[in-house]
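Okay, so here's just one chain, in structure tokens, the form predicted on its own.
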């Protein structure tokens, strides 16, 4: 019996039938299931160790990152799903997205930010970023500020761009109080309090509502400084600064920070060279920041092909479009990224597959309430593993579940 089997049995005993059947059904389809991930993750001690080291560095106000590397089907997405659960358990805010170049391309960081906010999860709430911020700033849940006599708005970092700083302030304020007579005046014709939550929510989510309407919302939410700078965001830099600032803000709100999980990040290397160099520049800000990224813990899933492409780029190439010749790439990223924090995934050993098959027998038996013969069934699953050979892990698991279905049907039908 493997060392983690007692903990596995304990977790299995607590699970209800619906959760287990859903996990088995998703494994049967070759899909991920959050509970299945918590039950069937192999080498979790290694993954825990490397993630926790980054969390400890973050607690010491050091910048950190993690690259989970492996071939297709070796469990990168599974590992990120596992890390998502672990980060939430440890008190991190978590966002998990796929860097699909057609929908969420890395070089368009405004789109990346919108996806991160859309997929955000808090450890103690299912609410959105806007709701959590409103509840925290208005609800008096500010024990972290003890002794400072500061209002909750003091947790908004200086590095957050002006427009988002104004929006966060407006969301924490109530509408201006106007009398019935004042509401009838022409100068308050733009006072439409029902619109303000929608406008402010879209602004914080990165959807850029019309500036005129945003300005009116800020005015009637009594944001004193909104006229000091432009309310327009251009380029990717403001969105990166916002992500950086929100990581620090979450820490000051009492969370451990913001874990950003980027799956399929190797897609960056499959884009055109003019797009790749923009994406590399953004990655450089995550991997080798000029200033510490307080509260921000980025985790990327790459295949080895990505780093082969980075190594093979022509860093001697010049950009001749301007008056002065400049290097096409801002850095030699092959050199700059030689010391990244990389966690390599490897194929499971035959012994680890045997342990996984044994766990699957327990899960399937409890899900469908039947009594297998473990020794005999283990031999059948071993034969299935030999037949599936070097297939992807999820396909091998799918084959094991199908074999368990077949045996269970035989038992039921006699």
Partner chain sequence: MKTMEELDQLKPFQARSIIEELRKGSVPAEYVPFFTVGRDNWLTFIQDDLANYIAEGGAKVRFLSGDYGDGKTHFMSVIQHLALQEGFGVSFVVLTREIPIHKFEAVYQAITQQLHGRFEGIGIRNLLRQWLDTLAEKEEPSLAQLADMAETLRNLPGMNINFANALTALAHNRFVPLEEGEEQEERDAAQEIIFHWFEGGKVTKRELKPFGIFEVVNKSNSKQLLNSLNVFLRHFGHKGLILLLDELETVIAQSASMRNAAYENVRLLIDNSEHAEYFHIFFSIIPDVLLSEKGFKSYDALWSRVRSIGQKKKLNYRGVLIDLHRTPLTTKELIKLGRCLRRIHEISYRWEAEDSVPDKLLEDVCTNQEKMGLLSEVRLFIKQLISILDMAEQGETPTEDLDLAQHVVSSQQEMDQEKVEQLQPSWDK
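Numbering follows the first chain given and starts at 1. On a predicted model such as this, the values are computed, not experimentally measured, just so you know.
The discussion below concerns the form predicted in complex with the partner chain, not included here.
Student: Select, from the options 61 to 69, 383 to 391, 345 to 353, 44 to 52, the stretch whose residues sit within 4.5 angstroms of the partner chain in the predicted bound form by heavy atom distance.
Tutor: One stretch meets the cut-off, namely 383 to 391.
Student: Is residue 198 close to the partner chain in the predicted bound form, meaning a heavy atom pair under 4.5 Å apart or at it?
Tutor: Within the cut-off, so yes.
Student: At 4.5 Å between heavy atoms, is residue 210 in contact with the partner chain in the predicted bound form?
Tutor: It does: once the partner chain is placed as it appears in the predicted bound form, residue 210 has a heavy atom within 4.5 Å of it.
Student: Would you classify residue 34 as touching the partner chain in the predicted bound form, given a 4.5 Å non-hydrogen atom cut-off?
Tutor: Residue 34 belongs to the contact set for the partner chain.
Student: Taking the partner chain as it sits in the predicted bound form, is residue 264 near enough to touch it, meaning that at least one heavy atom pair lies within 4.5 angstroms?
Tutor: Close contact exists here: in the predicted bound form, residue 264 approaches the partner chain to within 4.5 Å, heavy atoms only.
Student: So which of 271, 309, 202, 284 reaches within 4.5 angstroms of the partner chain in the predicted bound form, heavy atom to heavy atom?
Tutor: The residue in contact is 202.
Student: Within 79 to 105, which residues come within 4.5 Å of the partner chain in the predicted bound form, counting heavy atoms only?
Tutor: 98, 100, 101, 102, 103, in sequence order.
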